[in-house]
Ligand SMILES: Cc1cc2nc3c(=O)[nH]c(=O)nc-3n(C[C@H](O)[C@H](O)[C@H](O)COP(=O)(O)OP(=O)(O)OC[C@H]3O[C@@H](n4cnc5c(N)ncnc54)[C@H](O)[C@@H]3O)c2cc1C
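Presented below, as C-alpha cells, is a lone chain in the form predicted on its own.
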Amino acid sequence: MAEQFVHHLPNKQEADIPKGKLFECRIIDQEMVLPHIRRLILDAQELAQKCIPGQFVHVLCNKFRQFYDPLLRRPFSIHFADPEAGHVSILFDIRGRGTKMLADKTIGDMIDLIGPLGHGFAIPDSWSGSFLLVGGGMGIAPLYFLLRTLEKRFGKEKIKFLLGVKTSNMILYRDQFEKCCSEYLVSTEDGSYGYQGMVTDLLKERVETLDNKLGCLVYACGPMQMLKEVAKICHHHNLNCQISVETKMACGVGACMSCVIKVHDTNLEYRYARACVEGPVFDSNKIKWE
C-alpha cells in the first residue's frame, strides 16, 4: 500500500510563520541566462544554512542603496542554496524598473534582502514512491532547488520533470535539470521542441502511465492558470500535489494583504490566506480555485 503523505496547509498561528532576517549579501556571480533573464549568486552563509526549497527572499532593488526608490522590495524564489559553499542564487525575469536595477548590478555589489520567508515544499523523510515536478516558464526557479534536494535524498531514478514553455529558446539550464532526474520532458506551445502543446496536456498523458498513482507526489510552480489545471488533474487522480503560487507580494511579511488567495476553511466557505506567510506553497486541494 502506498504511503500516506499529508501536506497540511499552514495554519494562521503567527508563531508558525517564519520571520526571516535582514542580510546584506555580496554578489559573487552574475549571469545573463537570456537577454531578459538573470541569475545572481550571492555570498549568503547564514541564509544558505536556513532556507528550504520553495521559500523566497525579499530584495531591495535600488541603485544606490537608498531605501525609497523603488520603495517596495521584490520577492524572488530561492533558485538554489548550497550550505557547504554558503551560496544562494536567485533567477529572475526583467519585468520592470526594480528588476532592471537588480539586473544592472555586477559582481562585488551588495544587495539588501530579507529571508528566508514563507513556507516551502513539504518533503517526506522517506518515500518509496515517485516524484513528479511540473514547471511552467519561470516556475522552474524554485523547482531546481527542490529537484536537487529530492535527488540528494531519494536518488534521480524516482524523479520525473515536466517543463512547459512557449518556444524552445525559453528552455533554461536543460543539462542541469536533465542530469538530476530519470525523465525530463519538455512541451513547447509552438512545437519547436519536444511535445507540442501545454505542459498540462503532457501531465495528463504521463499520469495515465503511472504504475502507482497514489505513490506519486506532484510539485508544481508556474502561471496560476497552469497551476489550476495541474490541481484539477491531480485531484481527478487522487494525487498528492503541492503548488507554489506566484502572486504580487508588496511587504513579504503578511501586513499589506496584497498577495491573498482564497483557501477552503472548515468553518467558512473560504478565507483569504496570505501567500507570503502561509504560502507560497500550498496543498492544491486547499485552494479555492476560481
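Nothing here was measured: the structure is a model prediction, and the numbers come from that model. All residue numbers refer to positions in the sequence shown, first residue = 1.
A second form of this protein, the form predicted in complex with the named molecule, is not displayed here; the remarks below concern that form.
Check whether Gly96 has any heavy atom within 4.5 Å of a heavy atom of the named molecule in the predicted complex, and answer yes or no. Yes, Gly96 sits close enough to the named molecule in the predicted complex that at least one of its heavy atoms falls within 4.5 Å.
Although the partner isn't part of this model, could you tell me whether Ala103 comes within 4.5 Å of the named molecule in the predicted complex, counting any heavy atom of the residue? Although the named molecule is absent here, Ala103 would stay clear of it in the predicted complex, with no heavy atoms inside 4.5 Å.
Gly115 within 4.5 Å of the named molecule in the predicted complex, heavy atoms: The answer is no: Gly115 has no heavy atom within 4.5 Å of the named molecule.
Hey, in the predicted complex, does Phe76 get a heavy atom within 4.5 angstroms of the named molecule? Contact with the named molecule, yes.
Which among 244-252, 25-33, 41-49, 261-269 is in contact with the named molecule in the predicted complex, heavy atoms within 4.5 angstroms? Every other range fails; the passing one is 244-252.
I need to confirm a contact call. Of Phe121, Phe92, Phe80, Phe131, which residue comes within 4.5 Å of the named molecule in the predicted complex, counting heavy atoms only? If I apply the 4.5 Å criterion carefully, the residue I get is Phe92.
By the heavy atom within 4.5 Å rule, which residue out of Cys181, Cys216, Ile111, Ala141 makes contact with the named molecule in the predicted complex? Selected option: Ala141.
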